[in-house]
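Encoded as structure tokens, the following chain is the form predicted alone, with no partner shown.
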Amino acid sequence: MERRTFVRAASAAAVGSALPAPTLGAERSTLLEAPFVHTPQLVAPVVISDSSGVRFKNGGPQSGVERAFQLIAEGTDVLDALIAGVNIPELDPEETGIGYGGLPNEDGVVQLDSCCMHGPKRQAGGVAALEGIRTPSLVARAVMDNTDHHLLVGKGAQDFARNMGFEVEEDLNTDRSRALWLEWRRRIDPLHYLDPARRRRIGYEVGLDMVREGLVDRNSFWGTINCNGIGPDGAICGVTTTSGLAWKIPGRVGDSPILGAGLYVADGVGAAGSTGRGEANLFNLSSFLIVEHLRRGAHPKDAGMAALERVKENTVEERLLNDRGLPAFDLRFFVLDAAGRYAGVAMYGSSESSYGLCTENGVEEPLLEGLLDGSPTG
């Protein structure tokens, strides 16, 4: 069965299970038995994600958004379904922006971040600078389920994961991620290696050069997949997972595991998550801002564009890297509201910038709506 046909069948099953049953015969007494109660479908299920949710399958038949949608349609908890979906690219060695094979920090070590939020339960969990575990999204879920904390980091996060039964590996690099790191190190100006500030600027510019040359995928340079979904009963959840900015300073944490930045979910309102330049998003807590716009009735597209405008207005130092006086980075938001409306927006739009979507109509890759024209890399 082709994936579009399967998705439609799964969605139909979910809808059918929520429809009223045929009228019972007149002989049944409502005085002796309470009438059967049916829970109506509030909204058609939707899963929205970064393009990694469509592009990577780790050798299997389904992408992340397909897997998540199938599980939601089958009645799985929405957050469990979304995490199962992002596990696919997390485990895919060809995806260099998250999980196993994610581009490492400047010391060549893969450090992963993730967070998740469950709308109906009003619970969340996250991990940052986690080493040795391929699926940080599952560890974030374990933090949510087994502690009263929202965020564990570094060795503490790794020890917690080990205690919870996760397998801890020595190194999450693949041959590809290690080769790209070695090429980046080769290009750094050795005369300025002892100047940390100079080295960081050079390292960032060298990284962008590798993006321009096609050695590193633009999405993978800033990393990250965000995946949000809504079930037929209106339950909204989200998850974000990343290996962070390529060749970052060891211990650097971006927006991905931070509630209100890399992800924010409000039950009965909506969800928003991001990929791209984490520091710009952190400064503005953009996902929280987007959900608050949704709360006031804004369409997901308008809410996302308002957040991008705020980021652009607050951008200062990054403008120095761009002769047009505009942000020299990309930032993307994936937005879903309680009515099942959705949007993917970006600081820069292009014919090559898309996101992942799965609905009852199947899997799609719509173009991101851009606030600005052109490219953040010139």
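Every value quoted in this text rests on a predicted model; they were computed, and no experiment measured them. Don't overthink the numbering: it's just position in the shown sequence, from 1.
Although not depicted, the form predicted together with ligand ASP is the subject of the following passage.
A.B. asks: Using heavy atoms only and a 4.5 Å cut-off, determine which of G223, G304, G270, G101 is in contact with ligand ASP in the model of the complex.
C.D. replies: Checked against the cut-off, the match is G223.
A.B. asks: What is the one choice in G276, G119, G231, P89 with a heavy atom within 4.5 Å of ligand ASP in the model of the complex?
C.D. replies: Contact check passes for G276.
A.B. asks: Since only the chain is shown here, I'm wondering whether S256 would be in contact with ligand ASP in the model of the complex (any heavy atom pair within 4.5 Å).
C.D. replies: Yes, S256 is a contact residue.
A.B. asks: Please check if S114 has a heavy atom lying within 4.5 Å of any heavy atom of ligand ASP in the model of the complex.
C.D. replies: Heavy-atom contact with ligand ASP at 4.5 Å: absent for S114.
A.B. asks: Heavy atoms within 4.5 Å of ligand ASP in the model of the complex: does T242 have any?
C.D. replies: Yes.
A.B. asks: Can you tell me if R252 lies within 4.5 angstroms of ligand ASP in the model of the complex, counting non-hydrogen atoms only?
C.D. replies: Yes.
A.B. asks: Within 4.5 Å of ligand ASP in the model of the complex, counting heavy atoms only, one of 71-79, 165-173, 149-157, 223-231 shows up; tell me which.
C.D. replies: After filtering at 4.5 Å, what remains is 223-231.
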